[in-house]
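What follows are structure tokens for two forms of the same protein chain, given separately as structure 1 and structure 2.
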Structure 1
């Protein structure tokens, strides 16, 4: 752990301690002692303990946005873009399970300024997903009678809840769970026009996930 950059070491230490004891159960002193640094080293990298919690969120939301944008740029149809985005979004809850669990349990303690910064990035993700759904509706691949904005929020809400119940040692891998989400979401959205592509793609992304 000492070989890692100090900022990363402090962040990983805080993540572990917050997960064990809760945000208010951990002091800056405990963090610097466990990370084997000083208060000077801490405050050189973080203005406050609040900022640590903000950075924990920023790690996984930045990853989610980058992967969603990569999916949008790589694929050319709304159905394939949505499949790829759903797959990458679900994967976040496996890769960053500890980050997400700590953040959602402790986020009520964040100041308004950090909450505002978080909302900006969340909106960025939501707008991209909503754009994909709108494009599918315009092309006739997705049903137009379901509003794109409500559909987007429903998708995000459903997948976000994964952090509460996903067990990395459970019977299903996250790739298998992603397939279930894609099946549920696509079958609620696709038209007859879009059905052939959706059926073809619904499982292709998980089979290729190890190469992504």
Structure 2
């Protein structure tokens, strides 16, 4: 049993506790008690409670960017890229739901230097999505009436908010929810020109959405 290195054990324990009670709702003592170690063990592995919080942030956002970038690289059209990025998020979500909660809930408590390191990556993620939207608009697959930056934030909001309500034991999987999001987002953006491709990627397009 108990073969995992201590650092990993502390990270996992802290993550679980932060997720349940928030960063300030959990003391270092609680963490070390739960992880069956000691203050010494903790501070041997982390410079501070703050650094621990940072590491939780970083592992998630790094992974999220990586997956989104993979999705972007794998496909070549804006429509398919958009779908792939939305899909990639479901994978990230399945693995990192607790991280995400902590990420969006506790990031204000990161010290300044950590904060800005995280912000750089956060912007990177947003930028990638915004690029896809802009490319789609340029090609005429997406409507030009809506500004790309606001649309991007609308999509990010829709996705990110799931951490507040998604229930692993609920009736829908994250993947099914993402499919619905794809449906909504594509319908909100697509032009007549883009429809043929959208039909292939989202089921409800095949039932022609212009008739009820």
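The model shown is predicted, which means the values in this text are computed figures rather than measured ones. The term rigid core refers to the maximal set of C-alpha atoms that superpose within 1.5 Å between the two forms. Residue numbers count along the first chain shown, from 1.
Looking at the condition given, the form predicted alone, one finds it describes the source of structure 1 alone. Taking the list 158, 135, 114, 183 and the motion between structures 1 and 2, the hinge point where C-alphas stop fitting one rigid part best and start fitting the other is 114.
Here the chain acts as two rigid units, and between structures 1 and 2 the smaller unit rotates by 17°. Here the rigid core is superposed, and residue 103 then shows its C-alpha moved by 2.9 angstrom between structures 1 and 2.
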